[in-house]
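Only one chain is given next, in structure tokens, and it is the form predicted on its own.
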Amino acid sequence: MLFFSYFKELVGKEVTVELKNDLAITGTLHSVDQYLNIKLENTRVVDEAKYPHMLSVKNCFIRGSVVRYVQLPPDGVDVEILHDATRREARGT
């Protein structure tokens, strides 16, 4: 639940999602659920030359099980919130 609550704070910010098949998609985070399924809007592919068929895709839903990495914006990382949440989770509260 730690990651789910953290990603909910990033709704509306631009993120890059790298999938397990090496496709990387950048877009505005629209929503995320408890399974870390992600919906992106205003998407664009990082490597357009390798994936030209993805140029027309503007919105997408990404199943959480196919996500390798999520790259966050530098201003989107609040270290204090992560530290507090990690401590609470370690205590079990």
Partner chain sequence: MASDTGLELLIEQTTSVITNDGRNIVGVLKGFDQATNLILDESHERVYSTKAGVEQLVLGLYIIRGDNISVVGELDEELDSNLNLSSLRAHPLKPVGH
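Please read all numbers here as calculations on a predicted model, not as lab measurements. Numbering follows the first chain given and starts at 1.
Not pictured, yet referred to below: the form predicted together with its partner chain.
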Item to check | Site check Asp22, Leu55 and Asn59: each within 4.5 Å of its partner chain in the predicted bound form by heavy atom | outcome: yes
Next on the checklist: Taking its partner chain as it sits in the predicted bound form, is Ile81 near enough to touch it, meaning that at least one heavy atom pair lies within 4.5 angstroms?
Outcome noted: no
Checklist entry - Could you tell me if Tyr6 has a non-hydrogen atom within 4.5 Å of its partner chain in the predicted bound form? => result no
Next on the checklist: Taking any heavy atom pair closer than or equal to 4.5 Å as contact, tell me whether Val11 reaches its partner chain in the predicted bound form.
Outcome noted: yes
Checklist entry - in the predicted bound form, does Ser65 have a heavy atom within 4.5 Å of its partner chain? => result yes
